[in-house]
Structures are given as C-alpha cells and as structure tokens.
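Below, in structure tokens: the form predicted alone, a single chain.
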Amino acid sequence: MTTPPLYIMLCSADRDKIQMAGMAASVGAVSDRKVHLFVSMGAIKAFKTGLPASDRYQPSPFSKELQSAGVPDPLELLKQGKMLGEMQVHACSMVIDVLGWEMESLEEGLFDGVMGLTKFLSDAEQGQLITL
C-alpha cells in the first residue's frame, strides 16, 4: 500500500506554524511521500521575495527559542524538500489578488504557481490534510 499524499494548508504568519509546515513538508518529501503545500492568508507574507529572515515571521510562543538555537529557516527546509523529494508549493490565488502581487513577488524557486482553495481542497480529498 502506498502512503497517501500529504496536503498542508498554511495560513498563519507565526514562526512556529511556518516552521512546523517546513519540517513536516520536507520530512514527508524526503521520505518518498508526495507533499502539497498551499500558502494562504497571513502566511503568504513570509514568502515575499527579498525579506531578511528576521522580518519574515510574526512573533510566536516559541520563535525566540527557534531563532536563538539556530534552527534552519523554514523556507530553506522547504527548498531542500523540493530539491530532494516530490513537493509542490502553491500560493492562494485570492490572497495574491488581494495583495496585488505577481509570482515574482514570491520567494524564487519555491512556488509552482497559484491555485484556488476549491482546487486544493478537491485534490486534498485523496490524501491527509493538515492545517497550520
């Protein structure tokens, strides 16, 4: 039996939640599991191109400990997962429209395109869905 794909809906700009999404997605991808990450709402702002890591994330209960311990940046984890496994990352089309952004506004080499929520949820019916 094959492992069902992992679908992660990331909506929060909190460092804790983005860190967990990066860890779960990259571990899943390098473990031969298909991973689909959907980035929406406030989380999309952490993926804006040109932001230093110190300005990417909203403070969260564990963010100071993550930063001081030198834990790898979530975006780097996602890039490694894409490079080493089967992972697709999509930006929410509605949020991109609301912000007036283009694909070029997002971190280079990470996103596979934009997608609507309806399509993502329809696809997620075939796998395991996590919301952060």
Partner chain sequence: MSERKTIDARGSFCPGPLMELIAALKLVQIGDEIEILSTDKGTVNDVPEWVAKVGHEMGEITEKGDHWSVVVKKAK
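Residue numbers count along the first chain shown, from 1. Being a predicted model, the structure only gives us computed values, none of them experimental.
The same protein also has a form predicted together with its partner chain, omitted here; what follows describes it.
K.L.:
Under a 4.5 angstroms heavy atom criterion, identify the one residue in 110, 11, 121, 23 near its partner chain in the predicted bound form.
P.N.:
Looking at 110, 11, 121, 23 one by one, just 23 meets the 4.5 Å heavy-atom criterion.
K.L.:
Can you work out which of 27, 51, 103, 94 has a heavy atom no more than 4.5 Å from its partner chain in the predicted bound form?
P.N.:
None of the others qualify; the residue that does is 27.
K.L.:
Using heavy atoms only and a 4.5 Å cut-off, decide whether all three of 31, 72 and 80 touch its partner chain in the predicted bound form.
P.N.:
Yes, all three are in contact.
K.L.:
Mark residue 98 yes when one of its heavy atoms lies within 4.5 Å of a heavy atom of its partner chain in the predicted bound form, and no otherwise.
P.N.:
Answer no; every heavy atom of residue 98 is more than 4.5 Å from its partner chain in the predicted bound form.
K.L.:
Although its partner chain is absent from this view, report whether residue 126 comes within 4.5 Å of it in the predicted bound form, heavy atoms only.
P.N.:
Taking the distances in the predicted bound form, the answer for residue 126 is no, it never comes within 4.5 Å of its partner chain.
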